[in-house]
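This document starts with one chain, in the form predicted alone, laid out as structure tokens.
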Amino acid sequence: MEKTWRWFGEKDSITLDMLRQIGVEGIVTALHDVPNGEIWQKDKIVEVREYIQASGMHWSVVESLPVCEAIKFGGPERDRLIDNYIASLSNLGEAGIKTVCYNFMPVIDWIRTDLDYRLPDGTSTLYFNYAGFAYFDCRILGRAGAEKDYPDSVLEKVAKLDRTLSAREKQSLIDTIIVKTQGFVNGNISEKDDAPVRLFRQLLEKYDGIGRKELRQNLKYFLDAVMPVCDRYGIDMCVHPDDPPCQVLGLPRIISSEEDLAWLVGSVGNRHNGITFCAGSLSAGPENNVPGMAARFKDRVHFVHLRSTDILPGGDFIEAPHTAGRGHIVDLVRIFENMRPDLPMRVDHGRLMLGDREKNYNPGYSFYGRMYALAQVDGIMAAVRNEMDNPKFFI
């Protein structure tokens, strides 16, 4: 697979020269300064493409060209926003950028409750505490009917947290769940917003009456509209799985399971309608057989995120080492290397280690932690290619 890296543009403290030195081949990036819903202009796309090429790499994948909320909930401005999306895709296609990662998660992208969970070896990682998330939902957000979504055992923990959490800890939950993990990727809420909880409630209200059926219909409507421009330019659209792969905050989630992926590829049969196979997101679902899903849908996988998780008691989960956990990365590399050697792959959610913590990187996007993960995965890929080239030695 092609070794790629998510890079946040010229303002990123991790430079392209650094990435070239550690073996990165392709860059995954976006026009982060363009507000959601506006057209990506071709001259700006070409400027970024040429800047990357000058460093000896190429723009491999767009992550992300955001899908506006009104497209997801089917608002009155949906068609205008889809027309803008099509214009952006056309400009990307003319510039030779042919792989676009996006998501169709309502309101909120990936969710964690702790961005600096300390491990015994001195590194730290991302962590999802189910009771902590339930506390945010029930007591901070105050969502109507939230308690019905959690078992009594979790609600007991919520009551205990209500007696023990400090004001600072409550604010940390707000920052972690709806600000820090969202704002740096064209999110709906940023650190500049004065009242993030109020804004978040307003966003949730837009999905009143929208269930799985309606959200699926809206995704199909969007894909049917963009497939012609994808056909014209050979652009692969790759939806990212829900993270975590379960219903949250009363919102429907429709890219969480094997059945969801089967619906996706079956509802819009065009091969340009594909998947970003995120092993980390999928492995956080207890029922998901990640290698089995990769084998089943490999022909519609256009981009791969290699990371892994461990599911803990009580609904918690944590990022696992790239050589362990429920992501089964060795098995995934065997599947995808046999399918398409040039398939773009990036490691994800590296640990904070060495001097990473002091650099204030975007959550999950450390330098040393991801470099370490890339070295691990590069070794796995080398071993798998050796197996493929010398099968007689692996009986």
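Fair warning: this is a prediction, and the values are worked out from it, not measured in the lab. Note that residue numbering follows the sequence shown and begins at 1.
Keep in mind that the form predicted in complex with a small molecule is not shown, yet the notes after this line are about it.
When contacts are judged by a 4.5 Å heavy atom cut-off, Ile71 does not count as touching the small molecule in the predicted complex. A residue is said to contact a partner when one of its heavy atoms sits within 4.5 Å of a partner heavy atom; Asn103 meets this definition for the small molecule in the predicted complex. Although the partner is absent here, Tyr365 sits close enough that one of its heavy atoms falls within 4.5 Å of the small molecule in the predicted complex. Under a 4.5 angstroms non-hydrogen atom cutoff, the small molecule in the predicted complex lacks Arg370 among its neighbouring residues. Here the chain stands by itself, but in the predicted complex one stretch of 160 to 168, 133 to 141, 245 to 253, 95 to 103, 95 to 103, has heavy atoms within 4.5 Å of the small molecule. With the partner omitted from this view, the residue of Asp109, Asp236, Asp316, Asp114 that lies near the small molecule in the predicted complex is Asp109 [heavy atom within 4.5 Å].
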